[in-house]
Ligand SMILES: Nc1ncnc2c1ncn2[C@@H]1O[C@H](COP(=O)(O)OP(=O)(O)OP(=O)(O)O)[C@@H](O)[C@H]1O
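So this first bit is one chain, no partners, the form predicted on its own, shown in structure tokens.
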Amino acid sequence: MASLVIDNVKKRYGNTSVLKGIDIAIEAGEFLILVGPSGCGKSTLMNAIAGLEDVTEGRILIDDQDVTFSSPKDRDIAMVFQSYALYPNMTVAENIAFGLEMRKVPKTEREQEVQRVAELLQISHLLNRKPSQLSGGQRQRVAMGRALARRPQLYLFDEPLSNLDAKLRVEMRTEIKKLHQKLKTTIVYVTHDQIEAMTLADRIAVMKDGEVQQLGTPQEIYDNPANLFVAGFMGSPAMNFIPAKVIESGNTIMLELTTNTIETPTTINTIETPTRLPFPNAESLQSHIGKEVLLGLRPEMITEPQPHKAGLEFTVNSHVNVDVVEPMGADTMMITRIGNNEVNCRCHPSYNMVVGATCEVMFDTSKAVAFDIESGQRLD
């Protein structure tokens, strides 16, 4: 395993900048995931690390050795592709051994390595089959086996699970996690699936428009997103963004929002219900007093009233309209509207939520964040 340094890497096609100065340092044995929407530059960066794309500026170092202008074969990297890229006329054993054969590894050593990898990936019973006789998950294991057999310094995974069905993706995700824990290899993994990123990575680089928006552990990025893009991209369902006015209340600063209009049962009149919420980092809002900000609150922080949280510093109960109820088994998502924004609330399935009626919810702002409306940056 090896360390990897991506130093101010830029890539341009004519006047179009695809990578705009990427700086990432990866420790030996670390699992880094590049995540972002289609077209953000993550696959281009992966190809640059592999040597399949030339960089316009910057350096790439593997174990402190500058490989920026080295050919792919001289970088000691193995790559697992989305398309498996198996040879259809070869057996599983021959596919796994092919890279070793090209390197003139003796036959006895090749056979030993094939057996080692097959046992590791639990595909020993498939060694004499052709790719056409395998399922999608089995083919992906063979593609991984071919990479593992080479024992390179660095593994690159380019959306390896995107062709699998949902159940198989979860299973293969677990297998990749186990594999990394067992081998302690250095892995750079590209995906657009934020659940894959959260579950697999030691650290995540969230990319947009050729730039790294935030680099951190999954929990850091989930709890303290750097900006609105990261907050909205990471998490399923995404973080709620609720317009709120920053006000002074006594000696404290609070956020005031209108928790929706509520129809009274006897008239057609509506009642606007202002709700004041405490904020854990009130000092960061000092310069925004009297202005509106976006309150960022995860769905699991807006729930049915929970007795064990009642009276805590950052919990407030309020009433909202119930627009949609989505049962999800262990939880039920209740959707309401605050201002002009849909808001997801994660409630217990037993909680009584009737579409078109109102219900009481508990806001827990202990992990809330706030964003500047104009810049989209988190207010620290």
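The first residue of the sequence shown is number 1, and the count goes up from there. Small disclaimer: the values here were computed from a predicted structure and weren't measured.
One more form of this protein exists, namely the form predicted together with the ligand; it is left out here, but the text below deals with it.
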In the predicted bound form, the residue from Thr44, Asn321, Thr332, Thr315 that sits within 4.5 Å of the ligand by heavy atoms: Thr44
Listed residue that, although the ligand is not shown, lies within 4.5 Å of it in the predicted bound form (heavy atoms), from Lys208, Arg139, His180, His192: His192
Partner-proximal stretch of 323-331, 348-356, 54-62, 34-42 relative to the ligand in the predicted bound form, 4.5 angstroms, heavy atom: 34-42
Contact flag, Glu113 vs the ligand in the predicted bound form, heavy atom cut 4.5 Å: no
Partner contact for Glu94 in the predicted bound form: the ligand, 4.5 angstroms, heavy atom: no
Partner proximity in the predicted bound form: Glu304 to the ligand, non-hydrogen atom cutoff 4.5 Å: no
Contact of Gln214 with the ligand in the predicted bound form (heavy atom, 4.5 Å): no
Residues from 11-31 in contact with the ligand (non-hydrogen atom within 4.5 Å) in the predicted bound form: Tyr13, Val18
